[in-house]
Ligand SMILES: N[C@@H](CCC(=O)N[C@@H](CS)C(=O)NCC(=O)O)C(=O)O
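Here you get one chain, nothing else, as structure tokens; it is the form predicted alone.
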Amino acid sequence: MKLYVYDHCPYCVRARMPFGLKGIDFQLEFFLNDDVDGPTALIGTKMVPILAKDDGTYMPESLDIVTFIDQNFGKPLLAPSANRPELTDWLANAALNPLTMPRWVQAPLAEFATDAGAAYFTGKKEELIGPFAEHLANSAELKEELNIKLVTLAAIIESPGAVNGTLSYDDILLFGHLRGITIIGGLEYPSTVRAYLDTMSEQSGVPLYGSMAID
């Protein structure tokens, strides 16, 4: 199987996770961010992740991919989401994009390997959140707000290997977004959050950004 992704994409992280969690071999393929024709040729639109299945068909949608892998390769591993309101609220209100997006495009990620790929991403995302330069200039204030939110998250995480104590779809949702903030340099991670990030990264095989972090 082959999984087409962008490295920065939280939904792509979701789709990558069950392969690592279950020890399933697969090939990871990165599209350039301005490549419209590649994904469109596979599923009719510019969207990732895309799973190329062994039967020659293609599957989009991150959670559909997660379910397909979990249900069809070995014993199912993921419990249903617990629908914890505190976790749902945290994911809905974390407001990560002004900190992450301007940094992802500066990092040596495969989808931004060309100037055109980086420019495409910048143009599209600045339409959504405003000029990257302004968000970078406001980094100190934005980081302070996120540090407070990380303290709140620490109280929600029940164990380093599972936000609810048992591995579930909530981990797919949370780590999919949480991994992205490791591109931000200078954050203050509570020990519980740091342990969760490190454990989930190791178990899923999705690396954190670490040395790529940008202040």
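Note that the structure is predicted; figures quoted are calculated from it, not measured. Numbers for residues come from their place in the sequence shown, where the first is 1.
The same protein has a further form, the form predicted together with this ligand, not shown here; the description that follows concerns it.
Trainee: Quick one: find which of 150 to 158, 56 to 64, 186 to 194, 163 to 171 has residues within 4.5 Å of this ligand in the predicted bound form by heavy atom distance.
Mentor: After filtering at 4.5 Å, what remains is 56 to 64.
Trainee: Is there a non-hydrogen atom of P49 within 4.5 angstroms of a non-hydrogen atom of this ligand in the predicted bound form?
Mentor: Contact check for P49: yes, within 4.5 Å of this ligand in the predicted bound form.
Trainee: Although the partner isn't part of this model, could you tell me whether Y11 comes within 4.5 Å of this ligand in the predicted bound form, counting any heavy atom of the residue?
Mentor: Looking in the predicted bound form, residue contacts with this ligand include Y11, since a heavy atom lies within 4.5 Å.
Trainee: Looking at the partner-bound form in the predicted bound form, is K75 within 4.5 Å of this ligand by any heavy atom?
Mentor: K75: no contact with this ligand in the predicted bound form.
Trainee: Is there a non-hydrogen atom of W90 within 4.5 angstroms of a non-hydrogen atom of this ligand in the predicted bound form?
Mentor: W90: no contact with this ligand in the predicted bound form.
Trainee: Would you check whether this ligand, in the predicted bound form, lies within 4.5 angstroms of a non-hydrogen atom from each of F19, K22 and F175?
Mentor: Contact check failed for every one of F19, K22 and F175.
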